[in-house]
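One chain comes next, on its own, written out as structure tokens in the form predicted on its own.
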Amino acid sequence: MSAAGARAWSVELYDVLVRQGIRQVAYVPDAGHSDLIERCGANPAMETTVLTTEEEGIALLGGAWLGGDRGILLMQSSGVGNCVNMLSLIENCRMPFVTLITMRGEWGEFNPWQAPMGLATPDVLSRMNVQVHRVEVAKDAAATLDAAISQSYDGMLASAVLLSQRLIGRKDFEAED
């Protein structure tokens, strides 16, 4: 995928976050989210927080919601396994939660260590009562994220939008974070 193609859908995702009133953006640094992270960080109405591990984002966004803010957690599929225990907080506390996940271990993956969690991610999320929405093509990205945010905040549910590896582009060994 060309950089221009990746940038177009990333801009559309950012526009959805602004339109939906997302003010808290928690993330573990990830090349697949880099453009979105940069845009959110440049917006004075958004607070971006770098996490040391993904499950911190669930607690941070729970606190943000209690304080009246909407938020989103940006992570790679490899971080989903780190969140299993904290995902129980969402259902037990009946709070909204949205995560945008760049998938690894799929189409053209060079790193075999990414494959197991990439394969397990949708099932792990589903078993933790997170609604899973998968995006395969750029034209569906913004509408899917918009629907997930509305579903989560209107219905006090957990939603995950999975951005397929084919959409975000194959990483090369030299580009690995």
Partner chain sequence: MTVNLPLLDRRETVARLLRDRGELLVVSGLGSATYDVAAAGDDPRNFYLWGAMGGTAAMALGLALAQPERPVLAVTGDGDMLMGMGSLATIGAKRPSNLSVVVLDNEVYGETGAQPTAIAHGVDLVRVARGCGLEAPDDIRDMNGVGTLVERIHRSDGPLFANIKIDAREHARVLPARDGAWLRSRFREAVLGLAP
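Numbering follows the first chain given and starts at 1. Remember, it's a predicted structure, so these values are computed and weren't measured experimentally.
Just so it is clear, the following notes concern the form predicted together with its partner chain, a form of the same protein that is not shown.
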Given that its partner chain is left out here, which of Met128, Leu36, Ala138, Leu51 has a heavy atom within 4.5 Å of it in the predicted complex?
Leu51
Using a 4.5 Å heavy atom cut-off, are Ala59, Gly62 and Gly68 all in contact with its partner chain in the predicted complex?
yes
Would you check, heavy atoms only and a 4.5 Å threshold, whether Gln24 touches its partner chain in the predicted complex?
yes
So, in the predicted complex, is Val11 in contact with its partner chain at a 4.5 angstroms heavy atom limit?
no
With the cut-off set at 4.5 Å between non-hydrogen atoms, does Val84 touch its partner chain in the predicted complex?
no
Taking the shortest heavy atom distance, is Val18 within 4.5 Å of its partner chain in the predicted complex?
no
Looking at heavy atoms inside 4.5 Å, which stretch does its partner chain contact in the predicted complex, given the options 36-44, 51-59, 142-150, 128-136?
51-59
